[in-house]
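Read the single chain below, which is given as structure tokens and is the form predicted on its own.
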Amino acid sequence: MAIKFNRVDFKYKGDDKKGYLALSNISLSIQGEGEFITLIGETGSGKTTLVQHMNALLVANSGSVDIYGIKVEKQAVKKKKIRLNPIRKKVGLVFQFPEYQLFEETVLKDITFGPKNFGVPEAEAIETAQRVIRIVGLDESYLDRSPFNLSGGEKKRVSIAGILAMEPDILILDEPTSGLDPMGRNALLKVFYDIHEKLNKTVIIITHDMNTVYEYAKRVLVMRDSYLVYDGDPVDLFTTKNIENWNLDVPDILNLMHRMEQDLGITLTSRPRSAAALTNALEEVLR
């Protein structure tokens, strides 16, 4: 396993002595390739705290996180017995707000900053930037532009390109489609799925969009009040009990299928997860 949590607890320090418990007894394993995971839960449930442990931005108060064979424990980090840069090269994290990661004069300088910081020669870093800018759906003309003059969606793509330039095995994205219109959301999700499929990377997405969860995820993690309460199949997640207990929205396609059953008497034998799959299933039933 690329990442393994072993009974991890994490508490934020507060004004009072109690603080705020964000992670409770988390045990979890993630592979370094082949996974497309969505991480969901209500605001404050511990989602962002969880992923920040995955590349050692945060360190557990108790328990440990093993990242590519490096055991990240509080005392080891405090005494500088382990190096964190190799971990952050393997596990790339894109923050919710891309402006937090964009700071250079041009897109090219922003994307090449990470590789050069890891010792990659400038010429090679530039070639990498030219390659990854295309992967995220932009052309090379963007490399000469200021990142601060881009649209919100373009900034997100550039921040993703900057992480991809460091060639991580695992790409983590915190609310990457927030603030985008449906067309922009779908285009960006296709980029993520292409990265997963064509580059064979594990992709982990924090999201509140149940349509994204249902259509794209191969595995879903649900956080609830600092606990990991579900780790499994996205289709099996949306039972009445889970929806009520964890305050989940129902994906649009499931609502549509329910209306079809109630109003039209059409019952599908399959469980389509996309609009295209639903159309195909309907054609089969109506022939």
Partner chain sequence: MKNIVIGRFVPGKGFLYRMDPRTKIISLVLLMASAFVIRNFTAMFMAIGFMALLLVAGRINIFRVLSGLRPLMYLLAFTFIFQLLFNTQGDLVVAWTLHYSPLNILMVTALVMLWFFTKRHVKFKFFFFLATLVGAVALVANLRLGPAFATGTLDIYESALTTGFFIVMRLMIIVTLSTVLTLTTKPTDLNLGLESVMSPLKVFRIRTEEMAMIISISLRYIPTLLDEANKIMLAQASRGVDFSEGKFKAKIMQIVSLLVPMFIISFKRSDELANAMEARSFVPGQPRTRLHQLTWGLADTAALVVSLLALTAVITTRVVM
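Being a predicted model, the structure only gives us computed values, none of them experimental. Residue numbers count along the first chain shown, from 1.
What comes next is about the form predicted together with its partner chain, which is not displayed.
Contact annotation for residue 57: at least one heavy atom lies within 4.5 Å of its partner chain in the predicted complex. Within this chain, residue 186 is remote from the site of its partner chain in the predicted complex, having no heavy atom within 4.5 Å. Put simply, residue 110 is close to its partner chain in the predicted complex: some heavy atom of it is within 4.5 Å. Put simply, residue 71 is far from its partner chain in the predicted complex: not one heavy atom of it is within 4.5 Å. Of the candidate stretches 194 to 202, 113 to 121, 177 to 185, 132 to 140, only 113 to 121 has residues whose heavy atoms lie within 4.5 Å of its partner chain in the predicted complex. The candidate spot formed by 20, 61 and 65 lies out of contact with its partner chain in the predicted complex, as no residue has a heavy atom within 4.5 Å of it. Note on contacts: among 206, 210, 163, 217, the single residue with a heavy atom within 4.5 Å of its partner chain in the predicted complex is 163. Shown without its partner, the chain has 80, 83, 85, 88, 93, 95 in segment 71 to 95 as residues with a non-hydrogen atom within 4.5 angstroms of its partner chain in the predicted complex.
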